[in-house]
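First, one chain by itself: the form predicted on its own, in structure tokens.
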């Protein structure tokens, strides 16, 4: 069995796949990769299944020893990865020889980088997923972020990996943007039209008090009109809610499954990977689209992601 040894873990490195859907009624949100698009592409370049467990690193990477060697692919943000002082290119399979270390530093562009391994990270599944749910301490590697000294099993390399790369234009088409497209939320009518105009024209900044549960935004304070209170209800991924103080929060992959704050809007499915690549102090804006447009954009993105002929050369 091949192994991965964590010599340093970075700021927050966890095992993630596509998450565990269907347990919201039990109070367990899906978790999973913050940028599922990057995880998918990294795995497909290694000829893994799209949701094979990988390491998700946030803002800074770590140092990982491969005693038995491995074939890896780095996807998402550029963390300046190196082996023996030689840079490792993103979005390419790389053979790591036995005894070599992959060293990653601080991000140079976006928030998260994925270290995908041919055969995957061999952790046990919980509720059908290997994803780490930090809030509840479930899944992944002991339900927590990795630490120095952790030794993780790797899946076996079953075949030779083709030397493929993304086709021209694919990465640009899927590049995380800082203008997030949104649809009206279930309590949008609780807000004055002026509040909606402000939200879709103003600039917000991602607070340092943000995590996988939600991104708090600094910017215009918008409150629901009157003093109406709502009964707690289900909270979808990507919902934008405003607290009584008027602060906006984008609920993310480890969101609470119910909540009582009004939800003015929801980030569309095709832009959720963009949320996963936002860093503290990034400035963002919101753009309204119709439900019809949101659905069309989702279908278009899924058709691209589902066609390896269109993705890779």
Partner chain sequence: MRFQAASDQALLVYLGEEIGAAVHERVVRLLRLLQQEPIAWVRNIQPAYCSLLITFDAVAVDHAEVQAKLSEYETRAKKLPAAKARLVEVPVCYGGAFGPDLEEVAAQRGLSPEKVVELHIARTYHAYFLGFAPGFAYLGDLPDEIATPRLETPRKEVAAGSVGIAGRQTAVYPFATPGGWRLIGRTPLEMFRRDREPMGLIAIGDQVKFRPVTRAEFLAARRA
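Given the structure is predicted, the values throughout are model-derived calculations rather than measurements. Numbering follows the first chain given and starts at 1.
Missing here is the form predicted in complex with its partner chain; even so, the following discussion is about that form.
The candidate site formed by 95, 169 and 308 is entirely out of contact with its partner chain in the predicted complex, as no residue has a non-hydrogen atom within 4.5 angstroms of it. Between its partner chain and the residues 268, 70, 46, 34, the one pair within 4.5 Å by heavy atoms in the predicted complex involves 268. Only one of 210, 183, 198, 78 lies close to its partner chain in the predicted complex, with a heavy atom inside 4.5 Å, and it is 183.
With the partner left out here, its partner chain still marks one of 249-257, 60-68, 274-282, 46-54 in the predicted complex; by a 4.5 Å heavy atom cut-off that stretch is 249-257. Mapping the unseen interface onto this chain, residue 126 counts among the residues with a heavy atom inside 4.5 Å of its partner chain in the predicted complex. Among residues of the shown chain, residue 233 is one whose heavy atoms approach its partner chain to within 4.5 Å in the predicted complex. None of the heavy atoms of residue 82 is located within 4.5 Å of its partner chain in the predicted complex. Within this chain, residue 27 lines the site of its partner chain in the predicted complex, having a heavy atom no more than 4.5 Å away. Along 286-302, a non-hydrogen atom within 4.5 Å of its partner chain in the predicted complex is carried by 291, 294, 295, 298, 299, 302, in order along the sequence.
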